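A single chain comes next, written as structure tokens; it is the form predicted alone.
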């Protein structure tokens, strides 16, 4: 049996939106303590690592470990008009294996959607060490990435003990966004050694756009020519991280 209730349906929508930035078919692992998802995009360039503790939910019933696979686009269609005053309830019909979704506010809306065959493959947690860690506002990252996209399809992240730089170069111009340690946009800057790496803006922009709807704070961790990890700060116990492989120039 699987059943969960959450008072903030909009938070659930935003989390699914952030997952959908990389994954079309999401295979959630549900056990007695949490809901988890670790999945790569179809090109195996990026990964999402997600976990919500049962303490976040108003009700969490899971009698055994199970997998729940959904089409994220289809779920978002049903969540399109979710308001900030709505609660959400999700449960699986044991007879039909369909996912039932109930949205409650001043009135009740009930939906049913098909579940998919769960994927048997789950990528391992990347074993990475990061030399640079930048804790910043999601708004700053979203605006800086948007500026970089006007110039190129790729962006270089660079960190020193004094500043964090986002830079892009194209055939017709360049853009450089610098923010110094101690500014209101940089909440923490921890650099063991200067780091720089280049990433695809096609992926990074989608991640940052989705991240800004989930969290006001984003932690960016990277080392020279190594993958970047973006960690979102959730309001309660939980984890939401993106990983993106570097672009080899």
Partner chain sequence: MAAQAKLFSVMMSEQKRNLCSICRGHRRLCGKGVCPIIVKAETLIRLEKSLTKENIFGASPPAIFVGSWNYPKVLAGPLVPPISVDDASIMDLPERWVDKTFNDILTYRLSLVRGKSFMDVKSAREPSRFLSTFQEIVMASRPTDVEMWFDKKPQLSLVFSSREAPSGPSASIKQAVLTENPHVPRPVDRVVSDKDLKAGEGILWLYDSEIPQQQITRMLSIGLLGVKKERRLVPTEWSITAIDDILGKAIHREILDYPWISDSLIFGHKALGNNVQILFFPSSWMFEAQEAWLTSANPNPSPGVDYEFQRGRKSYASDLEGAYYATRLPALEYLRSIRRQAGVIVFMEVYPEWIPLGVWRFREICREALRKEPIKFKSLDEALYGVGKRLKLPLARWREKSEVLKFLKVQTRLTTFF
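From a predicted model like this one, the values you see are computed outputs, not experimental measurements. Residue numbers count along the first chain shown, from 1.
Omitted here: the form predicted together with the partner chain. The next part is about that form.
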Based on heavy atom distances of at most 4.5 Å to the partner chain in the predicted complex, which listed stretch, 210-218, 39-47, 52-60, 183-191, is the contact stretch?
39-47
Heavy atom to heavy atom, is residue 247 within 4.5 Å of the partner chain in the predicted complex?
yes
Do residue 123 and the partner chain come within 4.5 Å of each other in the predicted complex, heavy atoms counted?
yes
The partner chain contact in the predicted complex: residue 233, any heavy atom under 4.5 Å:
no
Spell out, yes or no, whether the shortest heavy atom distance between residue 22 and the partner chain in the predicted complex is within 4.5 Å.
yes
Contacts from 196-222 to the partner chain in the predicted complex (any heavy atom within 4.5 Å), listed N to C, are 200, 202, 203, 206
